[in-house]
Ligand code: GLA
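For reference, the chain that follows is the form predicted on its own, supplied as structure tokens.
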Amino acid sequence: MTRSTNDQPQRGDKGSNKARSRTVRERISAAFETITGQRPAMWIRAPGRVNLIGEHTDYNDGFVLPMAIDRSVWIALSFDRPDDKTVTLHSIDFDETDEFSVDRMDRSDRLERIEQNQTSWIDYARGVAWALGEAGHEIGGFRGVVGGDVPIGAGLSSSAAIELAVARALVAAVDGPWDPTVMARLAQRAEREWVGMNCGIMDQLVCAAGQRDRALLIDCRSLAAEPVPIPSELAVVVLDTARRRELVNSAFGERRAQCERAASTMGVATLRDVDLADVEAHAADLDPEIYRRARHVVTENQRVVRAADALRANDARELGRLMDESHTSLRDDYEVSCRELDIMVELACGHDRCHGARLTGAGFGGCAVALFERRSAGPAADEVVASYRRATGLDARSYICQAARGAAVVEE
């Protein structure tokens, strides 16, 4: 995972986004030259993501509507050891260096650390190298420096960003082919089997396959991803509560198990295979808590499809209404919100320039996402954040995000 390197509030105009990106790259480049004595031969960028709607549906084979964002993980690298399968990677965010051989990845030691709940930033890189090697992909070593501006623990998927950045670098080292969907699957495997987080596919897929000015309507069963234009007059604003997520792994596992129990009771493979009428028909057979979990997933899938329709029709009011409903369902049926998220969402929804808001990510802290009118998004977001700080005493931030492309080699 990556630590935010410049978390001052951003107005979201393209100029400030580019300036922030330059600052991150300048720090990485300086560190690279200090460590290696040379300039980078290549740059890799992989974005974070924000999910507009569709929470806790991906591991139920459902639908999601995320977008890759212009906050990213960057790697500066060189391939000056062409026959060497060693990766030497320095993180400027953690001021740590690690080295490993991509053709000698041993998972046995990692399994013991998973049991002890021990994970560090390098485990995401090592896990990706292991997953690509296990799948038979040719990969190579490199020397690199990594850093980024995706806040940790905020629900913006800093973990998927570093996974896809490392995957892109490993493939680039041998000038190999890049298939975003294949690499997303392998990054997901790395997070599940090496890191120990039994995640869905959404984060890795949108970080790999994101498009500029588009959200992706993803079918998490087929992995079909349909680009959906984001109207230029709308601004997607991330509102960081400054409450970092706690107990996410255990709560995430519990929710996933509850969904599996609900599906089993209804005689289907996943909750993707039922509608609300089916859930209601089995209400007496389900524990009340499990019934609520199933109701959230089924209704959330419906909201995602309708939200994509609303975006295509440039219907901000309908999209905002669906976002509001999503937060209520996540708060009451899925029970993954918290006081800080509820306050932030309530304040955003109470602003006359906001169309709708909801928590984004796994929940239990992190960020909300809100839809504002672009022409007034900066001042409006500042007002919401100021009200939140007065209400909670927490140093919240707002980020106005542009939809960005997925992981790629970037020209100087």
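Residue numbers run from 1 along the displayed sequence. Everything numeric in this text was worked out from a predicted model, so none of it was measured.
One more form of this protein should be noted, the form predicted together with this ligand, which is absent from this view; the next part is about it.
Looking at this ligand in the predicted complex, residues 40, 74 and 173 place no heavy atom within 4.5 Å of it.
In the predicted complex, residue 252 approaches this ligand with a heavy atom inside 4.5 Å.
In the predicted complex, this ligand lies farther than 4.5 Å from every heavy atom of residue 61. Heavy atoms of residue 56 reach within 4.5 Å of this ligand in the predicted complex, making it an interface residue.
At the 4.5 Å threshold, heavy atoms of residue 385 stay clear of this ligand in the predicted complex, well away from it. This chain is displayed without this ligand, yet in the predicted complex the stretch 200 to 208 from 264 to 272, 303 to 311, 97 to 105, 200 to 208 comes within 4.5 Å of it by heavy atoms. Checking 65, 28, 380, 362 for any heavy atom within 4.5 Å of this ligand in the predicted complex turns up a single hit: 362.
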